[in-house]
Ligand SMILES: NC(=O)c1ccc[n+]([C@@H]2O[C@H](COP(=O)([O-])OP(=O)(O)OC[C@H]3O[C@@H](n4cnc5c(N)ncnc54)[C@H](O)[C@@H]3O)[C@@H](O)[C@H]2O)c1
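Listed next as structure tokens is one chain, alone, in the form predicted on its own.
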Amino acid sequence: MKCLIIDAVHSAIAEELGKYMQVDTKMLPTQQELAALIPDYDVLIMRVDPAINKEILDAAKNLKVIGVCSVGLNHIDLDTAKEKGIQVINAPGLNGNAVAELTISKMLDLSRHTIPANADVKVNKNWDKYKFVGRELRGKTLGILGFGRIGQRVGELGRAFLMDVVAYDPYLPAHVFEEQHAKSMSIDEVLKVSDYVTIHMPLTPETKDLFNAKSIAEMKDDAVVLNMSRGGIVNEKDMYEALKAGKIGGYASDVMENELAAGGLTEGASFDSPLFECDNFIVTPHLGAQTVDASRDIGAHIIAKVKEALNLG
């Protein structure tokens, strides 16, 4: 058997699976490159790039398992994989704390202006605390869209800052909200009452462009939006217009709608957006799960599931 790893994952995956099969690595191939490579392999280990389409799965004559070292599966043609008997394994919840901590970090950064203040001192050589008067999280309302493992952990951390937590998730029973000390609301209600709204929902036809000019207009003028999920949930053109017009207090994101366009993960590739002009926009390159802790936990999970699927060891 042979295994192909196509992204940066924990070294334990190659070490352990290497006891049972040949393990090769090809970092971030294009869809065309992967379609040419995949016929020889029984196992594919990846994260979110490239999208696994029907062409790749049709070429995958020997593929038995796809191990996805992340949560979302919207980048995989699951119907075709199922037709071909290919098991798709992901790692739900294991990056939850990492993403939740990054969410709180961004809330604090926007609230206390730490990023522009850092630049003002280090780049402009200014020492002026009066330029950066912020606000505390204490007593503010935290709205969470998507109240699964990550959303619940964000709520728990928010409560530690003495925030009031409201949440939307149509798939959860009422007792979960009660146990998590959160008030269940509709999306419209969350947007209207929240000082901070954080997104932890998958990208689906229903959530695509959920944040647009109309929904943003319903929010408080000083409200902050945090997108730690998928870029397409926020209409970036509408968000740019809202930030420039002062219709919203800030936008913090770990994802962009076209983050993989033009070789965005390729060494030396450039990436740009009109949002970069906005002082009240901060962004990181999809590093929510980029901790040694989450990588270790996800790696152990994927190893166990792949071995189980193939009856190894």
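Owing to the predicted nature of the structure, the values given are computational and were not obtained by experimental measurement. One-based numbering along the sequence shown.
In what follows, reference is made to the form predicted in complex with the named molecule, a form of this protein that is not presented.
Of the residues given (149, 220, 75, 113), 149 alone sits with a heavy atom within 4.5 Å of the named molecule in the predicted bound form. Residue 172 is the only one of 81, 137, 190, 172 with a heavy atom lying within 4.5 Å of the named molecule in the predicted bound form.
Residues within 4.5 angstroms of the named molecule in the predicted bound form, judged by any non-hydrogen atom, belong to 91-99 and to none of the other stretches in 113-121, 91-99, 126-134, 190-198. Although the named molecule is omitted here, in the predicted bound form all of 168, 206 and 289 have a heavy atom within 4.5 Å of it. Using a 4.5 Å cutoff between non-hydrogen atoms, residue 228 counts as a contact of the named molecule in the predicted bound form. By the criterion of a heavy atom within 4.5 Å, residue 71 is counted among the residues contacting the named molecule in the predicted bound form.
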